[in-house]
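One chain is shown next in structure tokens, namely the form predicted on its own.
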Amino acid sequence: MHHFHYSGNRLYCEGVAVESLIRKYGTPLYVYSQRTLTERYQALAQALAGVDSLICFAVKSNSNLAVLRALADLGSGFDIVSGGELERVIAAGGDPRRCAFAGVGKTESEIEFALRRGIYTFNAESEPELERINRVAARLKRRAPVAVRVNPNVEARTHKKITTGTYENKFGIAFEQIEGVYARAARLKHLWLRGLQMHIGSQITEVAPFEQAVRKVRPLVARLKERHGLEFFSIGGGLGIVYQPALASGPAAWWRSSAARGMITPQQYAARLQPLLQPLGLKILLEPGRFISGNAGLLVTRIEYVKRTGRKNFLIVDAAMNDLIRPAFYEAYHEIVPVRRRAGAQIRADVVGPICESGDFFCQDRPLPKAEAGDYLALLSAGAYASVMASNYNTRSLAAEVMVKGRQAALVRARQPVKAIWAGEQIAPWQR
């Protein structure tokens, strides 16, 4: 569920009218619901109460310090993929000892920083990486906690650009090779073989691929636990969310719409996986991102022009693909609703941004409420893989971000001043 709703004809985030945020902070503007973040985390934690588990929120989905702090206060761990993300977690008050460091290209400096901070585990993606971690740990006179990422070669049935668990992807080590890798890694004196990790993809909307992967990997985990004394098994993230329809009248209606579209609830996920995981006697790590933050945010934008060509209607808005690239990159769907509802007929329109790219659109030929220049639209489910993927393309400032809790609202990232975009640049000496 989430806490964006209409009261009368006005869109609210929890107890705050979105229009009031627009007046104060302008657009484009990201708005986050802390209550939604909290409830999504707690729903997953409660569903998995039958196993010893650690939820590591995927920082790559939304790395705003206020988002991270809200989750750290709930006891969340964090799934990180760079030294910078670890620094963000620490800055937000997160505990490095509850962090899992993933990613295929960890540098020596990142490994050293993470070791000095005492992270829970490195999720290693290759044997050269294991050797590098061992060398860095030896230099620091430490033992580095590691898990090898197994590639179970299970099709996640999701978008090809967010599938990660087949042999066509750059991630992990082939299932058939894992036992040999652990045997060789056990001879590296500065590694602590702490666990095994897998992750098959993102925005997975059915339980079957997760169950298939766990069933396939479970006997392997049991053997590795016996031989190497493993402490945990990370089953990754990837739980999908509702993008269409994302707005429903109340929590019960929202969950019903989720079920109607075959989306996974935490209870369904846990019911299928816990019986497979409990007999292992291991700590179970999860790495959800979108599931927690995706429906907890929206992007507000102003209609600058309504352009009618005779063949098409274009709503030209002040947000662009540099603010939310998912529609351009993945052809992803985001529900678009008016900030203030008005009676009237619908029109079919493209919602497009001002960037000089034909791919700069949020929807194409979609039925939308009739709107005029100066009206505001909200792009829902923009709490994950939105602000974190933003860029300064066309020298556009990064948008402001606001966190809402009940009737309180706070600016949690100021709009970037235009001059800050080139603050680190300078002309060459011979150009003076």
Ligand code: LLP
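Predicted, not measured: the structure shown is a model, and the values here were computed from it. Just count from 1 along the sequence shown to find any residue number.
The form predicted in complex with this ligand is left out here; the points below concern that form.
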Does any part of L29 reach within 4.5 Å of this ligand in the predicted complex? Heavy atoms only, please. no
Please determine whether A58 contacts this ligand in the predicted complex, using a 4.5 Å cut-off between heavy atoms. yes
Find out whether any non-hydrogen atom of R326 is located within 4.5 angstroms of this ligand in the predicted complex, and reply yes or no. yes
Contact between G237 and this ligand in the predicted complex at 4.5 Å, heavy atoms? yes
Tell me, which of N151, S76, Q203, N134 has a heavy atom within 4.5 angstroms of this ligand in the predicted complex? Q203
Of the options G172, G353, G195, P288, which one has a non-hydrogen atom that comes within 4.5 Å of this ligand in the predicted complex? P288
Candidate stretches 213 to 221, 111 to 119, 237 to 245, 310 to 318 - the one whose heavy atoms come within 4.5 Å of this ligand in the predicted complex: 237 to 245
Please state whether every one of the three residues R40, Y333 and A378 places a non-hydrogen atom within 4.5 angstroms of this ligand in the predicted complex. no
